[in-house]
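Take a look at this one chain, the form predicted on its own, written out in structure tokens.
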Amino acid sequence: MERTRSPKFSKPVFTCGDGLRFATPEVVGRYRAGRLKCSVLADISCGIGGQAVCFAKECGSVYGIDIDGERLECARRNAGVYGVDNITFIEGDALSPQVVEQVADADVIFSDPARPAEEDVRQTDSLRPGIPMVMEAYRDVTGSFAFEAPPQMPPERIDFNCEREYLGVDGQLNRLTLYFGPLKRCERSAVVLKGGRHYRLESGVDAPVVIPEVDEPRVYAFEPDPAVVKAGLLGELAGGLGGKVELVRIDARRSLLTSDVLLESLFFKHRYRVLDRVPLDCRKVNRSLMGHGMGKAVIRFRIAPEKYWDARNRIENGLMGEGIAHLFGIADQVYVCEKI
């Protein structure tokens, strides 16, 4: 056990093993605690207690359950670090009748199950304890369940009657939470955390639009937050923009929204002005960047790792400007963009 500082937390925390690696960031913990606020909450597989501490600040009382005694001791100490005293810590198997009986007054069950460190295809079947097992064990306690799941999973791979909430932090996909029973608000949702506030987009609220696809970006390009993309809510996002918007596919994984009008949305990760289009040739890209006063380039198209730095050096050769160009490759063309 050691106490360490981490960008995940506002204070130094106690950790052991992989506890810090899998711990919920404080900013996420605060948001999720606000959504799950209730009188009594049970946190299964609470680990070093990052999420449990946040729950304790919103709920009347919290149970922190973990089968690993060392992790549970870290959680106890972290509760002290954050000054909360309304957590009852229980060491044991969360599925055992003995543990279930101790938390029989819980209003909400939250579970952050263990998952393989590496997995070719993320799936709910590999979560331990499994979602069906937890719901069966606690079916007589409550019907309100929330589970953390690997955020890489698309909604269609989650075969449960639940809300699939994808959460983005600072433009990065961070968490996927599955809400069951009365906690379910919709089929799919995306939440973006910015500046201590959260912004939510739901399926079934605003009618999604069919976004026409085009082969190249217009005057402006918009990079949606990955939480919106993963939740499959681009149509809902487009429907609320109030202007004509089209879709341009960069590659199999990435797409941009584009328009001749400068649009704003809290669900955009970045906005760009399209400056130029040049053939996929490092020398021609370099000349374009020089002409637009650029000093650096961010390559946003696929390139073999062993060729990346050679291409980057050739593209940036002799650049003296202050600007940073973002280069998107579509087919055999490079679109030179500047972040707005």
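In this text, residue numbers run from 1 along the sequence as written. Just so it is clear, the model here is predicted, and its values are computed rather than measured.
A second form of this protein, the form predicted in complex with a small molecule, is not displayed here; the remarks below concern that form.
- In the model of the complex, residue 270 stays away from the small molecule, with no heavy atom inside 4.5 Å.
- In the model of the complex, no heavy atom of residue 150 sits within 4.5 Å of the small molecule.
- Although the partner is absent here, residue 93 lies within 4.5 Å of the small molecule in the model of the complex, judged by heavy atoms.
- Residue contact with the small molecule in the model of the complex: residue 165 places no heavy atom within 4.5 Å of it.
- Highlighted residues 48, 114 and 128: every one comes within 4.5 Å of the small molecule in the model of the complex, counting any heavy atom.
- Exactly one listed residue, out of 67, 27, 40, 274, brings a non-hydrogen atom to within 4.5 Å of the small molecule in the model of the complex: 67.
- Partner contact region in the model of the complex: 40-48, out of 295-303, 280-288, 40-48, 311-319, criterion any non-hydrogen atom within 4.5 Å of the small molecule.
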